[in-house]
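Shown here is one chain on its own, the form predicted alone, set out as C-alpha cells.
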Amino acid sequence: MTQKIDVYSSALSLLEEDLRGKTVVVIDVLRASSTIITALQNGAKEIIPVEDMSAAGRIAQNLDASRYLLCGEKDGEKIDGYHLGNSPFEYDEDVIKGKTLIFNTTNGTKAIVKSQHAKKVIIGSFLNMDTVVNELKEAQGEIILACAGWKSRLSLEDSLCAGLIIRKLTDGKLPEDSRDGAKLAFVLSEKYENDIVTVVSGSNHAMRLKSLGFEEDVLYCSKLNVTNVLPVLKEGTLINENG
C-alpha cells in the first residue's frame, strides 16, 4: 500500500483546497452514509446531497413532484414537511424505487457537499466497508477519510470506521510516516475492531439517537459488509457505481 492516507475528524475541518485531486471517502455512520447506501441498495435512482433546507427547496422547484422525495433530518429528527427522515428503515423499495432523493442532514450531507471538488467522492460506512476498501486499493494519489462528526465534534463511530478501513488497506501495518489523524484512527480500530456494536452503541451520537427512539438504527448501522453498494458523487449527484 503506497497511498498516503489522512483522516479528518469532522465536516468543519474539511477545506476545498485540501481535497482537490484526492480521493475522499465521506463517513457518517450514524446515519447519513448508512441511509444513502441503503437507499441506493433499495432502488433509489439517485441522491442529491444538499447543505440546507434552502438548497433542497431550490432543487425541488425544478423537478416534477412525482419524481422526487425530500429527505433528511435536523438534530436527529425528520424535518417538518419532508417525505422521509434519516432512518435507513424508512427507505423501503416500494417507497423510493426509481425516485430522486433530495437529501439534507445535520452533518453528513454538509461533508459531502464540501468534498465535491475532490477527484472522487465515495460514501462509506460499516455496511459497505470491504467494497470501499477494494475501491481504494485501485486509487491513485492521496486518500482522505472525511468523518462527518457531530456539529464540528469528533464522532467515535466515524473514527472507528475510518480506522478499520485503514487497517484493511494497510494489512494491519500502518506506515511510520502516516499522518496523525490516520494514526489515531488506526489505534482506535486496533483496540475495538472486534467490538463494533458495543462501541458504536455507546457513542455520544448513538445515545442521542436512542433517546429519540432510534435504537434499531444504531444496531443496523453497526453491521459489517451487508452490501456491495458503492455510492459515488457524479456532478453533484450520488449514484451506485456498482449498480
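The numbering used is simple: start at 1 and walk along the sequence shown. Nothing here was measured: the structure is a model prediction, and the numbers come from that model.
Note that the form predicted together with a small molecule isn't included here; everything after this is about it.
Novice: Could you tell me if all three of Ile27, Gly124 and Val200 have a heavy atom no more than 4.5 Å from the small molecule in the model of the complex?
Specialist: Per the other structure, none of Ile27, Gly124 and Val200 touch the small molecule.
Novice: Within 4.5 Å of the small molecule in the model of the complex, counting heavy atoms only, one of 42-50, 205-213, 61-69, 191-199 shows up; tell me which.
Specialist: Looking at the other structure, the answer is 205-213.
Novice: Does the 4.5 Å heavy atom contact test between Ala32 and the small molecule in the model of the complex come out positive?
Specialist: Yes.
Novice: Given that the small molecule is not shown alongside this chain, does Ser159 nevertheless sit within 4.5 Å of it in the model of the complex, heavy atom to heavy atom?
Specialist: Taking the distances in the model of the complex, the answer for Ser159 is no, it never comes within 4.5 Å of the small molecule.
Novice: State yes or no: in the model of the complex, is some non-hydrogen atom of Thr131 no more than 4.5 angstroms from a non-hydrogen atom of the small molecule?
Specialist: Close contact is absent here: in the model of the complex, Thr131 is far from the small molecule, nothing within 4.5 Å, heavy atoms only.
Novice: Hey, in the model of the complex, does Gly163 get a heavy atom within 4.5 angstroms of the small molecule?
Specialist: No.
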